[in-house]
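Shown next as structure tokens: one chain only, the form predicted alone.
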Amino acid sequence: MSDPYTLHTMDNGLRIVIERMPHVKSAAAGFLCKTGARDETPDLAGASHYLEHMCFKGSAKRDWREISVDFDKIGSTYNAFTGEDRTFYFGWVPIDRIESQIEILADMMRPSLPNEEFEMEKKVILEEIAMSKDSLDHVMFDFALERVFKDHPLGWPILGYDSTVEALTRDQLHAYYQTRYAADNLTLIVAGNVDPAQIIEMAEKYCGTWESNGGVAKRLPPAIQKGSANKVVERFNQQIVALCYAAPSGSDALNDTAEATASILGGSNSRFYWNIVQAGLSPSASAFRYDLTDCGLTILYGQTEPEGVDKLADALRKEAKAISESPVDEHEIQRVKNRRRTTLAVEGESPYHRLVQIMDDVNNVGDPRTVEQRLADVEAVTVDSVSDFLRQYPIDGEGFLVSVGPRDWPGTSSLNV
């Protein structure tokens, strides 16, 4: 099978990654900026997400209305999102409109940050922060990361805090933008029925004048804490208990095995479902992976009535100990693999889904993987590889216990909100 990828770096450092999908009738394009919450200083917490919003609010060529209308004119399915270590802007269109899609996205990468829109968007983001505080899951997740990654930029929320967003100025955001959105910190990714040479010409046309800055500051991996913490939030009626353990990074060879293990524990028809949810200990219990380029977590959690937290925590630890001490069953491995095979087969036919998969690979390991390579990585998961993973990244020890809800439990370090 021929290599479907074209990889190219422009003179200004902008990287281009293209996957040819000759049997589809559409194409998706996106700009990956390697910047996120972990690249912010404490006083700028939330700046990456704020900047994502502002890239939709006008450039030297278009105001915010024209950006929205121009997306609709080409029939684009478009959006953007900010994470701890990346920001991604993308759109999906019929193949004859891919140049227009790239042009609009490229224009957005050079925002004008208009003052009026800056102040208006501040209100929108503060409302987002307020809404996140009404979600028990969001409060738990932000609190867990704050404690597990204590004194590290990964410890503050992507949205930022009320205080940092309120205090942020347009000039501060512009300075942050100039540092992080240089050409050599951006990657243009395209997937679909496209001519790579034409895509490179488009990139030169719309991005060729962008300046580089010689690279951004190197990121430092966090120290992952152990212990416990609880946050008393009286307005909630339920309590969440979470156990956090160190896990492979998104670039680690064990990543697929780590994902499979989390699915066996807390996915569909998982051990948590049968032994915790169906046992009446929790209406919702799960395990998931949180992975970045240089670190990761396995998080086991469940929700319950406040008086049930002791039994729920014991049940989570019991299942973690059981999977650690005895090999998983082959049928559990195959069930997880079958679901993953189906997902990859379906997503492999969609330029949009391939765009996001390629973005993940480029961000985490530097180069894209084909669908076949992803399937091979799934096939490499075995009973033995799960056992090896759990030996290297144990989940039956102390970890970091987090409790959020109306009950002051376990009571070792409480915050009242």
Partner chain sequence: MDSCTHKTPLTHKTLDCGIELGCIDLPDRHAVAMEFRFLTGTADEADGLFGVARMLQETIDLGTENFDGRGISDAFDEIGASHSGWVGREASGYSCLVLPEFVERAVELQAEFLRRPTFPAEKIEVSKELTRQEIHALDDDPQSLADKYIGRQAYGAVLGRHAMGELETVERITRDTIVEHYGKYYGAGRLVVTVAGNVRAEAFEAILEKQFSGFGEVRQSGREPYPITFDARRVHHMKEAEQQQIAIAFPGVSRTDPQYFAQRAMLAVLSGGMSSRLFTEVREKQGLVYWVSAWGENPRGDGMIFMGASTKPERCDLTYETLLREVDRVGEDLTVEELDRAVTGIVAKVETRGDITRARCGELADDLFQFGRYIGPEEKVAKIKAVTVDDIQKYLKEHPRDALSVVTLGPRVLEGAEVVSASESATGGQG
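Numbering follows the first chain given and starts at 1. Being a predicted model, the structure only gives us computed values, none of them experimental.
Another form exists, predicted together with its partner chain; not displayed. Remarks below refer to it.
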item: Its partner chain: the contacting residue among 167, 220, 130, 223 in the predicted bound form [heavy atom, 4.5 Å]; value: 130
item: One residue of 382, 392, 370, 68 in contact with its partner chain, assessed in the predicted bound form (non-hydrogen atom, 4.5 angstroms); value: 68
item: Non-hydrogen atom contact residue 350 with its partner chain in the predicted bound form at 4.5 angstroms; value: yes
item: Residue 238, heavy atom within 4.5 angstroms of its partner chain in the predicted bound form; value: yes
item: is_contact(residue 24, its partner chain) in the predicted bound form, heavy atom dist at most 4.5 Å; value: yes
item: Touches its partner chain in the predicted bound form: residue 208 (any heavy atom, 4.5 Å); value: no
item: Options 78-86, 168-176, 242-250, 209-217; stretch whose heavy atom lies within 4.5 Å of its partner chain in the predicted bound form; value: 78-86
item: Residues of stretch 295-320 in contact with its partner chain in the predicted bound form (4.5 Å, non-hydrogen atom); value: 303, 304, 305
